[in-house]
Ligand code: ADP
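Encoded as structure tokens, the following chain is the form predicted alone, with no partner shown.
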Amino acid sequence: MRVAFFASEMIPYIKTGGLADVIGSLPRALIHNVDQIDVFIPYYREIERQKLPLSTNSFEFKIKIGSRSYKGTTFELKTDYQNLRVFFVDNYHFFRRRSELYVKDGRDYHDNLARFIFFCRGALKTTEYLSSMKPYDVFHMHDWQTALVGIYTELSRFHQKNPPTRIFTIHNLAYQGKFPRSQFRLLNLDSSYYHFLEFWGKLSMMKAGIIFSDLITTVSPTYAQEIQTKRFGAGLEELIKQNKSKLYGILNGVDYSIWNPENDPYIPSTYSINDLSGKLQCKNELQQRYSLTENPEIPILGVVSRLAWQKGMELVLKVISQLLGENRVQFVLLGTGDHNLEQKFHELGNLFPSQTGISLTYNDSLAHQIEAGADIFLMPSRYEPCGLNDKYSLRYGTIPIAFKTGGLSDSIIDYSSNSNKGTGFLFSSYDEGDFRDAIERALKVFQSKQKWVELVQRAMRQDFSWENAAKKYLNLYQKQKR
């Protein structure tokens, strides 16, 4: 079986969010069960600066977008695995000239549609070149940036006798890739296909991905159900319900070679389920880093997140301000995002300097240190297709408190509902009172050392490795082709 992945980012080369983690980890979890995996991503400026050992065998092509033609080149990078390769689709104007991936100064690039038309069609041109010896069985597309792979595969006289099965994974339905209808001409499609992309007078790439795919997946089982409702469907819920027979929810995995307190190089002291002494040392180091009162009996509540409406950070501000005022907890935060939220968290730090540590940036090593040193992790997202930090927190014995939504409800078992199996604390009504109640429930258990250690150890035993998710994807890959 030969599989092609199409995505807009991938660790360790380029990352803005969880999509990159998936594309960096899932192929590696699959390679022992498939013959070949080729991953296609754009060749951004940041990747060029890494001076990767690219193969001298490059593939050149031309793409017409609207009335203009653009030249492109695809570069190959061999990985440590013989049957896993990464291909970078390059055009200086669309990718290497830009300092950011999708936005500049908070606004989308005006030509994002043209950029990802070029990427999708350039990647497809490359698959035609690569498939001369062995055809592809699966095209696996990820989010709106790659949705057009499906439609161009459908409408062209495809180069393989049997076209590959097209799988489209929705990582976050709220980001649809919407563009003015005037840009339809850039697609070089017959006008009869306009209605497949039309969405309230605009074009939706996400809509095209849903329609022009053989199978659809989301990043958790609960999110697969949620996006069929008006609350979470972002206007596409009826279309998704019409296609529910080909919809599957598969919970994302975690790369435990990176997120594991037993061998994490970023934390001051490693630890395990059977020896938690190192976690106490990590807590002490975190308190020292932020000049917090050094007291192991005070619970540290941590956040590593984008500061955004979706993530519920204004709810964190309200409740944490109350708890800090009562001198009952310490609080550390790592993240950037909305300027207004950044300012408010900065003010919170000034108001409670011996109880808070606020880092308005992103620092990967510090993210690991907070996961290891905090006692409780706050994740009150309004919606969360999958979530990763909840799963990191479980492995690090940092008990998550989260809103019962999406992948969070699939990964966390509420302790208050089942103290024998519980791994965290969930709240069901999205309001300040219910969030505070969940924190209070956690703080009460924290006061009992024996119960808390049992909870921590149970959390650390949870297995969200990519191997579990990979088996489910492999089953889909093996489904009968259209």
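The structure displayed is predicted, hence computed values, not measured ones. Residues carry their position along the shown sequence, with the first being 1.
A second form of this protein, the form predicted in complex with ligand ADP, is not displayed here; the remarks below concern that form.
- Stretch-level contact check against ligand ADP in the model of the complex with heavy atoms at 4.5 Å: of 276-284, 334-342, 321-329, 191-199, the positive one is 334-342.
- Although the partner is absent from the chain shown here, none of Y13, I37 and F88 has a heavy atom within 4.5 Å of ligand ADP in the model of the complex.
- By the criterion of a heavy atom within 4.5 Å, A459 is excluded from the residues contacting ligand ADP in the model of the complex.
- Using a 4.5 angstroms limit between non-hydrogen atoms, E238 is distant from ligand ADP in the model of the complex.
- Using a 4.5 Å cutoff between non-hydrogen atoms, D364 counts as a contact of ligand ADP in the model of the complex.
- Shown alone here, I211 lies farther than 4.5 Å from ligand ADP in the model of the complex, counting heavy atoms only.
- Checking M379, L394, I227, L301 against ligand ADP in the model of the complex, a heavy atom within 4.5 Å turns up for just one residue: M379.
- Proximity to ligand ADP in the model of the complex, defined as a heavy atom within 4.5 Å, singles out one entry of W259, F352, Y248, F232, which is W259.
- In the model of the complex, V304, S305, R306, Q310, K311 are the residues of 296-323 with at least one heavy atom within 4.5 Å of ligand ADP, listed from first to last.
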